[in-house]
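Starting off, we have a lone chain in the form predicted alone, written out as structure tokens.
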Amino acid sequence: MGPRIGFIGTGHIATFHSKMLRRSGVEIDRGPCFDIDTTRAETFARASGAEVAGSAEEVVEGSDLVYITTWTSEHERLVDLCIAAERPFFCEKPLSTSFAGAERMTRRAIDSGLVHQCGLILRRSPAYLWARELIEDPAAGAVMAVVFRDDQFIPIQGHYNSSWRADIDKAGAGTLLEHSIHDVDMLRFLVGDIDSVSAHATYRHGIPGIDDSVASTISFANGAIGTLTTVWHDNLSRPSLRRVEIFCERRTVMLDGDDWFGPVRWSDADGTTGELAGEDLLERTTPLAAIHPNPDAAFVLAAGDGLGGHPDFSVALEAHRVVEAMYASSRSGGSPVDPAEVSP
């Protein structure tokens, strides 16, 4: 019998993690789940084998490990519940609606000594792991530039159907914070620390405080430069699509397919080219994924062994810091902002 896994929040993202747990092959026991929408909780319970609880507190009490997959403004309160009950926890991204909140949560999580993990799951993506291997290969030379584009239909509709993402009190902000914090984390993962950002945002949907298009220019500590463009549009044929191009001195790397299974393509100065995708990509990168390539399996295994979850809140905090710098730049008309100077 494995650890009892509880879920607070049973929407789209909870379903994703539940399926990932099932596919992982790691032994678990389904614990309680709770959602303020009881119909949604019952649907989740039927599909997963969980039992419906009457409150978040009941989930924490009845679980060995807890997933926090609610809207963002609830994360801090629920993390505090887990810490008080000494339950390891997995919290979805973004940690908080604000950088100050993310800083508080990170400090408390670290001080608790509990195994915890955040939902920046692309750090275990075979596609991004292999891209980093290609970039770090000395044959590639230094990274010179990166172009990162991320677009999806605004997720208050379609299969996401999360109306709370149009509520600034629950979401904190729009596409940059709620969605592209993944992309900011991947820019740091692939290229390195960020020294300066300059950003502009638009609000074409007219939803107060919810940005739907942000373009940022980025200067990295290693001398590379880059751009990040993130868009929430109304083209429902494009649910979540990324295109990433990394230009090194002697190698170009491109990701423009599935976030997990690629393909990853590259071309070198001597004219050679390569492509890796699917099961071949997974096999090549499994040794690079540390505990387990499946992020949910990794959390369960880390908690069982008393190891640190990865990525933990300290990793998420640095992504929050860069995002806050981008918003600060946008508010000032695009003036450059050093993330290191951002304070809670």
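The structure displayed is predicted, hence computed values, not measured ones. Don't overthink the numbering: it's just position in the shown sequence, from 1.
From this point on, the text means the form predicted in complex with a small molecule, which you will not see here.
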* Asked: Of 22-30, 309-317, 280-288, 65-73, which is the one stretch near the small molecule in the model of the complex, taking non-hydrogen atoms within 4.5 angstroms as near?
  -> 65-73
* Name the single residue among 112, 213, 162, 196 that comes within 4.5 Å of the small molecule in the model of the complex, judging by heavy atoms. => 162
* Do residue 178 and the small molecule come within 4.5 Å of each other in the model of the complex, heavy atoms counted? -> yes
* Answer with yes or no whether residue 37 is in contact with the small molecule in the model of the complex, where contact means some heavy atom within 4.5 Å. => yes
* Asked: Does residue 107 reach the small molecule in the model of the complex if we count a contact as any heavy atom within 4.5 Å?
  -> no
* May I ask you to state whether residue 5 is within 4.5 Å of the small molecule in the model of the complex, using heavy atom distances? => no
* Using heavy atoms and a 4.5 Å cut-off, decide whether 132, 228 and 243 all contact the small molecule in the model of the complex. => no
